[in-house]
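Only one chain is shown below, in structure tokens, and it's the form predicted alone.
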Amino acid sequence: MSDTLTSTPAADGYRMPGEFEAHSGCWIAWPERTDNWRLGAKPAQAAYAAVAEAISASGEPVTVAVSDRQFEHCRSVLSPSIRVVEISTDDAWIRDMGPTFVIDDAGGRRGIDWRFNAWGGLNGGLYFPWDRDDRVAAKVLEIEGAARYRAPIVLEGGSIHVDGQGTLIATEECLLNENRNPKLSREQIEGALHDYLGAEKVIWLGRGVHLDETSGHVDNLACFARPGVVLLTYAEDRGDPQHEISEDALARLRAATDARGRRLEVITLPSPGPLTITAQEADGVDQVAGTLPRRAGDRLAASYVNFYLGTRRIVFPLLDERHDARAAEILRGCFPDREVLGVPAREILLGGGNIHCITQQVPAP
């Protein structure tokens, strides 16, 4: 097992970099749960493979973690340039169960192993058990040869975004939820974010995307395009519950200053849909007690903000042909130095998240 450190990243001079900073790789975990992914997870596996190939083709090394049962199949459908390693998981959301990497100014790279409880534990969590997921971060850090900090709080990688310069955005709905760290106050959680990520200022948004089953992860609502610039999903329809959520987030962001004292520029992305699960899609999922059911007519928490910000390429989800082209245009304007590539991602969305949720960047030290 990689070294487990007893100090904190901030005390050791480490910080979480922004996702727009250079990467040396990306991790993805292979889906196979038949009680979350329809038709034996085959459609989801095709979508995951497309994301992996899109990132790998840009020159960013990709590693896919997969169970022993699926190893040979996974290896057979991915390009030889993509590394495949055997790691046991409970599901396939490595953004949330995997490590958060931190770097220092001397070329060091370490990782944070957050405590994971499947987005709420026995109080609203999405499945049980989750013990294999809780061990994934340590295994990834072992393979990467990175020293490990075991954080004292429950937190998922999708619940935070940083600008790499001391500013962090998160939602109150998620980080202050009683099913994560019920004994900690807002100030204590902010203290942990400072100690482990180098966050000097936390900008609190209210709720996440409407009906997001992760208790409102910020990575489905808003993200930093670069320091001082935030992308926000925005529903124009005043009758859509997402409109009020986006308006509140927009007001909070415009009223805030970052850790450097700058006012934030907010760029809005159209909100897809509303999109719902079809009867055919719901029928393809095994119904198992203890796992969140997939029911026909349920609204999907769709968002174009849920993209992978690679070193050379943006890989974003194609979700709604009425808005896909506009989303691509906005992203190209935000990232003129990167190629913008859309990948069909409804199959990922049906499982409860999207491209950002299934990826975890490894920053270049």
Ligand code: KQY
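The first residue of the sequence shown is number 1, and the count goes up from there. Not measured: the values here are computed from a predicted model.
The form predicted in complex with the ligand exists for this protein as well; it is not shown, and the discussion that follows is about that form.
With the partner omitted here, the residue from 281, 144, 190, 213 that has a non-hydrogen atom within 4.5 angstroms of the ligand in the predicted complex is 213. Between the ligand and the residues 139, 95, 161, 110, the one pair within 4.5 Å by heavy atoms in the predicted complex involves 95. Listed stretches are 337 to 345, 20 to 28, 7 to 15, 351 to 359; the contact stretch with the ligand in the predicted complex is 351 to 359, by a heavy atom cutoff of 4.5 Å. For residue 294, a non-hydrogen atom is located within 4.5 Å of the ligand in the predicted complex, even though that partner is not displayed. Looking at residue 126, you'd find a heavy atom of it within 4.5 angstroms of the ligand in the predicted complex. Using a 4.5 angstroms limit between non-hydrogen atoms, residue 36 touches the ligand in the predicted complex. Not displayed here, the ligand is approached by residue 119 to within 4.5 Å at the level of heavy atoms in the predicted complex. Contact residues in stretch 15 to 29 (any heavy atom within 4.5 Å of the ligand, taken in the predicted complex) are absent; none meets the cut-off.
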